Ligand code: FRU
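The form predicted on its own is given below as one chain in structure tokens.
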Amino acid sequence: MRILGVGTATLDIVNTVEDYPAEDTEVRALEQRISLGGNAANTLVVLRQLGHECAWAGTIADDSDSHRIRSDLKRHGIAMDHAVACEGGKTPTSHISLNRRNGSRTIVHFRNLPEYSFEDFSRVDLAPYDWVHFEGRNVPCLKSMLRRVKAGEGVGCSLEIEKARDGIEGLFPLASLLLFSRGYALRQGFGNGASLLSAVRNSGGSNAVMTCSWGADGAWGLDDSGTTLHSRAPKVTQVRDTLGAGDVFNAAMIHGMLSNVGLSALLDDACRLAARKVGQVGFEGLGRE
């Protein structure tokens, strides 16, 4: 299947530390890696490993750091035909401290780059694509993008809701698949994914398939008939790297939707793949059993 991902591609500078440092201290990193990051880009990297043809749409700077992003996208076989180069911008950069003790990550992100606009998106020919995946950002423009996809025929559409943003709830009826994060649910006052999904459905916000991932507590799903499901997360012997686990979960969900897998089995598959990610460093090899 052919999938277009709309969102960010960043440069991740990941420092592995023995334990998260206290404020106003100096520690030595055990390891450092510099790689492609960003929610949409990470999701596409995994979908490519799962056998799909993938393209990324977003803005990219014209500075030296952008060469690494371009190179990594090319290495992973992700097309950049719909990317928009921005003169004078700065490549979005995430400085990440990865705690070796428990695999948690703390991120300091810098961004000085325009968002991908509806005008940019309107130039994309959607005919070749079977699915379009959006990060839930730049809400005013995203509403027009989602409406354009929904008006087409035979194109599925997913929306990742990682953070609470003004007006994002108005986007919920426009997607085929809603992918909520634990952080969003907690910000809205919900103690688990089931209560969030039920509230969204009962508010009349959407009849889409919905999921809410919850880390070690697995994930909840709500199908289009209103049935709530829960999948437990497999036990991970050693938590090595939680960075991007949600992006992996989202990729597995999109893959399963395109493969017409039932939601119960799909949640299990997505939790299993996310758990594999948590047990390893980086995204390589996730498409292999």
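All residue numbers refer to positions in the sequence shown, first residue = 1. Because the structure is predicted, anything quoted here is derived from the model rather than measured.
Another form exists, predicted together with the ligand; not displayed. Remarks below refer to it.
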Does residue 243 reach the ligand in the model of the complex, with heavy atoms at most 4.5 Å apart? yes
Taking heavy atoms and a 4.5 Å cut-off, does residue 94 contact the ligand in the model of the complex? yes
Heavy atoms within 4.5 Å of the ligand in the model of the complex: does residue 86 have any? no
Can residue 100 be called a contact residue for the ligand in the model of the complex at 4.5 Å between heavy atoms? no
In the model of the complex, do 12, 39 and 107 all reach within 4.5 Å of the ligand through at least one heavy atom apiece? yes
Heavy atom contact within 4.5 Å of the ligand in the model of the complex, the stretch among 216-224, 233-241, 31-39, 44-52: 31-39
